[in-house]
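Given next, in structure tokens, is a single chain: the form predicted on its own.
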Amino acid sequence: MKGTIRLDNIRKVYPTRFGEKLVLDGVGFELSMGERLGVLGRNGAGKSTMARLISGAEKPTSGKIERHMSVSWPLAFGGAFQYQLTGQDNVRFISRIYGQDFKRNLAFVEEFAELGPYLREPVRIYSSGMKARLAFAISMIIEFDCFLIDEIASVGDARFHDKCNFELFEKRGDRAMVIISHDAAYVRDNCSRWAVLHDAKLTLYDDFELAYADFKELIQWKPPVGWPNVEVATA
């Protein structure tokens, strides 16, 4: 269907020294324009793997992904970069691929990513945070229909978060999004649907409180002594 992304019975297996590692097993959902799906899961649950599959950076072991809209790379993922090139040259490269105006894009990235002179240094010397900021800024110069947001809330300071949120949720509030974050409040506040990924299975929810309660039960989360009595805290 036009304007949708559909995952059908997705299975992803990685070979390891100890045998096959099943990361996703029978995962399926459909996402339409304007919908924001928030995904909760512990570290290593397969959330970032799912984002890479949706983007096309990786292929599933089995199952089918249908994309009837343009999809970004994961916004906190620098895997699309040419690491020997400078940040500036990566902007030039992406601009050329998508037929964009390089000078206009460079001006935006310089202002938004706040990398200063490092924008003219090889990406291979960047910290993970610098790569994520560059990836986010470059993603904003291309008008995708669907944005994949992988832990972008953990990048940069509060002012940078505000800039990211304005670009995504204000200027592009009509787009589809898949949001992965350990910050439960961020997922609650910015999504219209939710999912929990646990033991390679994805469960979908229309109610955040139910999704979050099930997530905490699945991971056997218990508040530490002195934990504030609030409805939602970072898990």
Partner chain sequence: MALEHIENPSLRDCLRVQRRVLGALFMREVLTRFGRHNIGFLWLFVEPMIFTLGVTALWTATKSVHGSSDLPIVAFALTGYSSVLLWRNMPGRCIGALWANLSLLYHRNIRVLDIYLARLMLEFGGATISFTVLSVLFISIGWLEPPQDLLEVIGGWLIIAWFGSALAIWLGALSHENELIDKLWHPASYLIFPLSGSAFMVDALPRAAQEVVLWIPMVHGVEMVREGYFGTRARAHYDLSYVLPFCLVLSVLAMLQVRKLASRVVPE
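Positions refer to the first chain, counted from 1. This structure is a prediction, so every number in the text was calculated from the model and none was measured.
Below: the form predicted together with the partner chain, not depicted.
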For the three residues Arg92, Gln100 and Glu143, which mark the spot I'm curious about, does each lie within 4.5 Å of the partner chain in the predicted bound form through at least one heavy atom? yes
Thinking of the partner chain in the predicted bound form, which stretch from 184-192, 65-73, 29-37, 198-206 has heavy atoms inside 4.5 Å of it? 65-73
Is Arg104 part of the interface with the partner chain in the predicted bound form - any heavy atom within 4.5 Å? yes
Check whether Arg52 has any heavy atom within 4.5 Å of a heavy atom of the partner chain in the predicted bound form, and answer yes or no. yes
Contact flag, Lys171 vs the partner chain in the predicted bound form, heavy atom cut 4.5 Å: no
With the partner left out of view, is Gly56 within 4.5 angstroms of the partner chain in the predicted bound form by any non-hydrogen atom? yes
